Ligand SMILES: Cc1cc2nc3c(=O)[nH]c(=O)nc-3n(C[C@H](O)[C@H](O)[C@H](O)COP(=O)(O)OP(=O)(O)OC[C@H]3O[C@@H](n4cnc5c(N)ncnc54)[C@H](O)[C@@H]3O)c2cc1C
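Shown here is one chain on its own, the form predicted alone, set out as structure tokens.
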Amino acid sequence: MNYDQSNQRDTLFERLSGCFLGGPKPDNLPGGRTEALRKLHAYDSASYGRTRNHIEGTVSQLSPFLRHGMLSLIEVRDHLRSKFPNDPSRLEEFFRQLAWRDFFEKVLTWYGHGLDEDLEEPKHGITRSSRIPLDVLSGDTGLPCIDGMLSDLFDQGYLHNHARLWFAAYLCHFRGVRWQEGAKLFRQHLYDGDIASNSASWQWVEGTFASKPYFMNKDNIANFSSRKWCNSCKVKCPFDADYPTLQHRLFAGSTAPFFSKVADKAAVTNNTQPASHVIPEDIAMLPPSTDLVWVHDAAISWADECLAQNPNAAVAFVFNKPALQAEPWAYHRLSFVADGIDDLFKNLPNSTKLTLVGDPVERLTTLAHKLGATTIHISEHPNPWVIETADQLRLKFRVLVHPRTTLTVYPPEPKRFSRYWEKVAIQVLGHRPSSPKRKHP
């Protein structure tokens, strides 16, 4: 029985009022493992290494599906290996980028909530603001490149990785905003917004997880964007200087410019009063089950081992309403996850499949008691929220955390990708890397 899947999508979003920004768009990216596999099988990585840093490069755009566990790093790698068995060199740079995601997850595993704060001292003495300027939040800075990136972020939920680095450098170094504020903005709007890759990349730009801050100049933006913004730009460009000049301007003691007028974040937040959610009385009619699988938002796949090993268990996904009220996601992000849940449930043999809204510990505890479940199964993930939820449930139930396979084994503290890559490249590639070392991105 699944009392939520019988309802319309808008009913779910009524229950999620106060948890999202904006509304539906006709070109929302469809979610789910079915769509993920379609995109994976259609992708050709032949020119990835040559074009990946260009805005129009042949990138896979698989990251939203990887973020939500609809695909795994290992199956992406293994599929491409089988698709191009006689040409491993064409895959090397793509696999190296998969390793960046694995590296960042290891950073999250090591630091947990510590990733929310500076991992290292900044390599500069510039004071940062804790507020994003209003013109940035409204996508109206007057700079065609930055406003174009913000338009893609807000409307499409996607930015090419190079554009993400440019925008992060702009916000941190040219506007003087704390990296944590930018990371939150990305988490809210990007389909693939997460803690690990997102926060670690922002820290890489800021220089709190790198040997120096990252910044760009006009030539860099123009070269890798095919001048798509520069040709129409009529304003004085803050990036139009060589790197030594920008280095001095940004980090040699002068404060980075930012608006004194700050944004009222409530102005960009869905302000509908939250509706309370109570598990309906007819849940008492559910068949009893001694086992319950909690599907969290990083394990939305019917191929997940936790689900595969429990085909007769009750299955529940919980939209974390308190967390979403504190940090609302864009509508398209929630819709992508909802698509993933629908697709998941269609492909599961389990008879009891539920979508709930509320505090995960409360909802799962109530459901488990109603079902008579004594064991709750959870797919392993380094997200602190997953770990803490499991710990709280463990106070009342037997909790089994099912280990997941990872792309690499790397026990040391993950400090720099270059050191990590030296140790794990053979694990990822199956051979020693032939290409020279490259820096992020």
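These numbers come from a predicted model, not from an experiment. We number the residues from 1 along the sequence you see.
Although it is not shown, the form predicted in complex with the named molecule is what the next lines describe.
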Any non-hydrogen atom of Tyr158 within 4.5 angstroms of the named molecule in the model of the complex: yes
Heavy atom of Ser63 within 4.5 Å of the named molecule in the model of the complex: yes
Contact of Arg101 with the named molecule in the model of the complex (heavy atom, 4.5 Å): yes
Heavy atom of Val59 within 4.5 Å of the named molecule in the model of the complex: yes
Residue among Ser301, Ser335, Ser197, Ser289 with a heavy atom within 4.5 Å of the named molecule in the model of the complex: Ser197
Among the candidates Gln325, Gln97, Thr208, Gln247, the residue which, in the model of the complex, approaches the named molecule to within 4.5 Å (heavy atoms): Gln97
Option from 144-152, 344-352, 227-235, 198-206 whose residues, in the model of the complex, bring a heavy atom within 4.5 Å of the named molecule: 198-206
Heavy atom within 4.5 Å of the named molecule in the model of the complex - qualifying residues of 163-190: Arg164, Leu165, Ala168, Phe186, Leu190
